[in-house]
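Let's start with one chain on its own, the form predicted on its own, as structure tokens.
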Amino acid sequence: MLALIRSEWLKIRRSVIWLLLLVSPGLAGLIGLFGVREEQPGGPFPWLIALALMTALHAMLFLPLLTGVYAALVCRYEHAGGGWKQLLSLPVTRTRVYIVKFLFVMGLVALTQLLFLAVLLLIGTAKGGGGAIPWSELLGSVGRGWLACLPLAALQLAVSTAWSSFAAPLAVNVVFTIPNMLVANSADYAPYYPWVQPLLAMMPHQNGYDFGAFTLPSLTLLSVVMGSFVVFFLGGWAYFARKAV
């Protein structure tokens, strides 16, 4: 397993993937910087409002897209020049290969979430809100967003291992991400739509703040996320275990 982890690290350490990590936190940060105003001049920084505004762009659009991009990139090397045959000819199991690739996708998602949090903290601190940081709400939002990406990462990894084309999985991801705004307003369908689950999970709904249709019971969302993750991961793993290379 450690040899596989080192191998994956060597493949991505000099790739464009590190620049992609900055895209969503950076653009969301511009919204927080220019779109958030103090409720009263000289008053405390509205952390949860800033979190909601930044999340609307980050988790509704870029986080689902980036999850798909990460999955496609960790499989790109193997799709080129018979890479799957070379990798699977080594004394490694397909299960370990699949698990390691999934861990790398979720690790990249975690880095994206941490950068998002860092940008939010920098903006709030720069605007005078450093003394009243609601750590539990901010960390909870970032953590829930990461968990909500589990089924999406599992699904996108399955698609990326199945299709040799780098563009095809990305195109599918874009097509299913675009309807997020409409789907998110449906309490009936939103919890079951993998591409909108990060948005629902990250939206703050504590301390009197309520963002309407985007707020769902955490237990309901968590059960759906974990259930769909198990289904997508096992389905992708079963396909990969039998995939002809």
Partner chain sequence: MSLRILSAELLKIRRKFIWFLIFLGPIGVVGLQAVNFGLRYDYLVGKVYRDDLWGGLIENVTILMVPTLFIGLAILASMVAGIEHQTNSWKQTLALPVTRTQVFTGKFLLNLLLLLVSTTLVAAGTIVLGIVLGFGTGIPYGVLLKACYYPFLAIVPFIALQNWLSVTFQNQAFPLTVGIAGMVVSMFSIRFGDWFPWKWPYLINAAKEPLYSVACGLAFGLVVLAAGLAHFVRKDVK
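Numbering follows the first chain given and starts at 1. All figures in this text were calculated on a predicted structure; none of them were measured in a lab.
Absent from the display: the form predicted in complex with the partner chain. The rest refers to it.
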Q. Is there a non-hydrogen atom of Lys127 within 4.5 angstroms of a non-hydrogen atom of the partner chain in the predicted bound form?
A. no
Q. Heavy atom to heavy atom, is Pro179 within 4.5 Å of the partner chain in the predicted bound form?
A. yes
Q.
Taking any heavy atom pair closer than or equal to 4.5 Å as contact, tell me whether Ala190 reaches the partner chain in the predicted bound form.
A. no
Q) Quick one: is Leu48 in contact with the partner chain in the predicted bound form, heavy atoms, 4.5 Å cut-off? A) no
Q) Out of Leu139, Ala168, Leu88, Leu114, which one falls within 4.5 Å of the partner chain in the predicted bound form, going by heavy atoms? A) Ala168
Q: Counting non-hydrogen atoms within 4.5 angstroms of the partner chain in the predicted bound form, say which of Val92, Ala132, Val175, Ala118 makes the cut.
A: Val175
**Q.** Partner-facing stretch of 101-109, 118-126, 70-78, 149-157, counted where any non-hydrogen atom is within 4.5 angstroms of the partner chain in the predicted bound form
**A.** 70-78
Q) Which residues within 49-77 place at least one heavy atom within 4.5 Å of the partner chain in the predicted bound form? A) Leu53, Ala56, Leu57, Met60, Leu61, Phe62, Leu65, Leu66, Val69, Leu73, Arg76
